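Only one chain is shown below, in structure tokens, and it's the form predicted on its own.
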Amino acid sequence: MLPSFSYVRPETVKDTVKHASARGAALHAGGTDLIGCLREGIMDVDKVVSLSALADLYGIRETADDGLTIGALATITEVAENPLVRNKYPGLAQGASEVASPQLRNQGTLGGNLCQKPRCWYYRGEFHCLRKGGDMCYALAGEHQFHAVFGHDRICVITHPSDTAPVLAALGAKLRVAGPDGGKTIAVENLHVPPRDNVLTETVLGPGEVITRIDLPRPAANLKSSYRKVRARRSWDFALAGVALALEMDGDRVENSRVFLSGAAPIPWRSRSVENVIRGRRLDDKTIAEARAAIVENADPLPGNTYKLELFKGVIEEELSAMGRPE
């Protein structure tokens, strides 16, 4: 059953920020995560602030410098199917197309996908876990087969559920945020908060702060991007293991790279070990074999999710092999 709350639909960003700054306020974009959170009682909400009347938060447009700006209320389907996205940033189109089911992609928004709450069954259930202000992470000694193998520091082992966040981080995207103190820009790579910094929150956004758009830089002429996701059920589940690649090529060599993992950690996880292996090298069998080993460096799996290490090895091997083939 949903709790009682007031509902407002402001028509300006300024009024939205004002309403969202109130104690107990929650933003409503597509609502695909918010409604579940309210039903499951994991958020104390007195006021729901709809973003639907904010015309500036819709649409996908090229920028003057040949980049792209995506409104925070653009649906996941719009991102996946937009010709500009598919042409300039195929990895983002792939990532968006892998989100949930067609119905949820039609309703859910890009901004909401970046800010969704964890899907851990203890957090979503009736357990007063560490992330809800309790004194323990139940998954550490409980059911954790879908949980993190990196970046949890044995504090909280959620995995970040977004498929678009790793790709946007790999592509160097930035968020434009409106808030009580004015506007600011946040790199997608810096949006999410690891448990060691603050176990009670998922993003660096403060009260009243609203993502208005996502800006993508002009892609390098030699950029190759992709996203690969492994899940239990093709149409529905969150990533067990995934990899987002943004490689700048110099002929057949990798000049620069950004590699982010999904299904791996409480935040989109940057694999600098893979980046270091492939930088300046051809994607031949030797390089790919070294990258396959490097992707699990410093992993800290739990007894029930060690299988994920082999998934990550296989995913990076297949994706780098595909990237290395002549076009």
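One-based numbering along the sequence shown. Since this is a predicted model, take the numbers as computed values, not measurements.
As for the form predicted together with a small molecule, it is not shown, yet the points below apply to it.
A.B. asks: Can you say which of 78-86, 160-168, 217-225, 252-260 gets within 4.5 Å of the small molecule in the predicted complex, counting heavy atoms only?
C.D. replies: The contacting stretch here is 160-168.
A.B. asks: With the cut-off set at 4.5 Å between non-hydrogen atoms, does E248 touch the small molecule in the predicted complex?
C.D. replies: Residue-level check for E248: no, no contact with the small molecule.
A.B. asks: Applying a 4.5 Å heavy atom distance criterion, does A241 contact the small molecule in the predicted complex?
C.D. replies: Judged by the heavy-atom cut-off of 4.5 Å, A241 is well away from the small molecule in the predicted complex.
A.B. asks: Using a 4.5 Å heavy atom cut-off, state whether Q116 contacts the small molecule in the predicted complex.
C.D. replies: Yes.
A.B. asks: Is there any non-hydrogen atom of H192 lying within 4.5 Å of the small molecule in the predicted complex?
C.D. replies: H192: no, not in contact with the small molecule in the predicted complex.
A.B. asks: Note which of A293, M43, A299, A53 lies within 4.5 Å of the small molecule in the predicted complex, where distance is taken over heavy atoms; exactly one does.
C.D. replies: So the residue touching the small molecule in the predicted complex, by this definition, is M43.
A.B. asks: Can all three of A29, G108 and G112 be found with a heavy atom no more than 4.5 Å from the small molecule in the predicted complex?
C.D. replies: Per the other structure, all of A29, G108 and G112 touch the small molecule.
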